[in-house]
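We begin with a single chain expressed as structure tokens, specifically the form predicted alone.
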Amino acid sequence: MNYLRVTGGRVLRPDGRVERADVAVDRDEGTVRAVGPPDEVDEALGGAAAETLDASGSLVMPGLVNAHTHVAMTLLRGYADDKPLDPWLREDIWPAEAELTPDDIEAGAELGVLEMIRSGTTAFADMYFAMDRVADVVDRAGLRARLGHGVVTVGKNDADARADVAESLAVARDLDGAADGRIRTAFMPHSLTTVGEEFLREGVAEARAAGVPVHLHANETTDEVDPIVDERGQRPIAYADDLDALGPDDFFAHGVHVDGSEIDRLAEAGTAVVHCPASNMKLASGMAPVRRLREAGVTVALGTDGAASNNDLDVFDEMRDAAMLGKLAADDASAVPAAAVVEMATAGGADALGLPGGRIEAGAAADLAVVDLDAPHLTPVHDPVSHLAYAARGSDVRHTVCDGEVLMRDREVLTLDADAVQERAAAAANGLVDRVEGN
């Protein structure tokens, strides 16, 4: 047997308790074999030898889940800031994306997954382009992901629009199960306003027939709500339901401007919402009603969105932002407490994406982040869960484990050449900007 043992630390359990324990991992199965005092773990391993990870002075938590991002947009980090969503997309982001090559996207994806490994993220959802290249990066890096080709039909002729839908469906079919099963897929129309109704209906119908979930942006800004209400006389989530795009395996990004009827509809359908607080604040999109969503029974996850609107992929930042923005939105300091955002960043994210992970218990996927608590900004440790939400940073992550494999040990990423990744991404970003400015 091939075992890994995380020793000497405290462990965050599924019920929110923190206890001193070792974690034994079956690396062949990629699962947690046992959690408990050293003697109990010894018994579970039956005396078998195990590779060890030292967690002394640290908290072992489930690997973080970045449930909505556009990972290759790391190349556009800091490229266009301080603008509202619609002009930002149309004047800056979409013209730059038109110049992207598959090599650029691979370089940006490598940079993004490097950043995520170094900040304790073990799974993510990505909506972008050249997804075969992104899948190759995920495979090499050792992470989990739910991937999809993003569809935009506005401004395209009928043939090009249908080709875009077909590509998203083909990606969902061809890449599902890649990377030894760590990659799952989805049909990913960009939003209910950037994909025409005819194409949405056809694409969703084919996705349903194939058993493929749907992921899209919904109710991010009032500009994604008002046109649907004006043209159709119904709210966006009702429109999504009419399209058959609202199901228990589906997940929608943002959900900022949802009303009570939409919250009830999401809860009834079992459709998850991915809250992206940093992006929503930066683009002044609004404040999602996270407490109301959670109280209604909606699964809420956390996402960074793309690095161009964040500007990093650190889910620890999203936890702090979600807790604080949630209090402001509810006008109540008790709203969206620390334990809630930690759950959203772990089990909530895994549940939203339909991926393993999010919990440390026997039989669960061995996706772990070991957070070093020995730092001035984390001293004293009255409440480790509070620290995860309000004080910890991605740079506090000491080890990262996914599917039982050590991806980072003592801050050294083992699956990627960090220096080469950064150099390649910087060169790709510079070349991209030169092409955009030359047009």
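One-based numbering along the sequence shown. Quick caveat, the model's predicted, so the values are computed rather than measured.
Although not depicted, the form predicted together with a small molecule is the subject of the following passage.
- Residues 118, 316 and 375 are none of them found to lie within 4.5 Å of the small molecule in the predicted bound form, as judged by heavy atom distances.
- Taking the partner from the other structure, the small molecule in the predicted bound form has a heavy atom within 4.5 Å of a heavy atom of residue 150.
- Mapping the unseen interface onto this chain, residue 124 falls outside it, with no heavy atom inside 4.5 Å of the small molecule in the predicted bound form.
- At the 4.5 Å threshold, heavy atoms of residue 199 stay clear of the small molecule in the predicted bound form, well away from it.
- The closest non-hydrogen atom of residue 83 lies beyond 4.5 Å of the small molecule in the predicted bound form.
- Partner proximity in the predicted bound form, defined as non-hydrogen atoms within 4.5 angstroms of the small molecule, places exactly one of 316 to 324, 133 to 141, 292 to 300, 150 to 158 at the interface: 150 to 158.
- Listed residues 305, 343, 250, 262 were compared with the small molecule in the predicted bound form; 305 is the one with a heavy atom within 4.5 Å.
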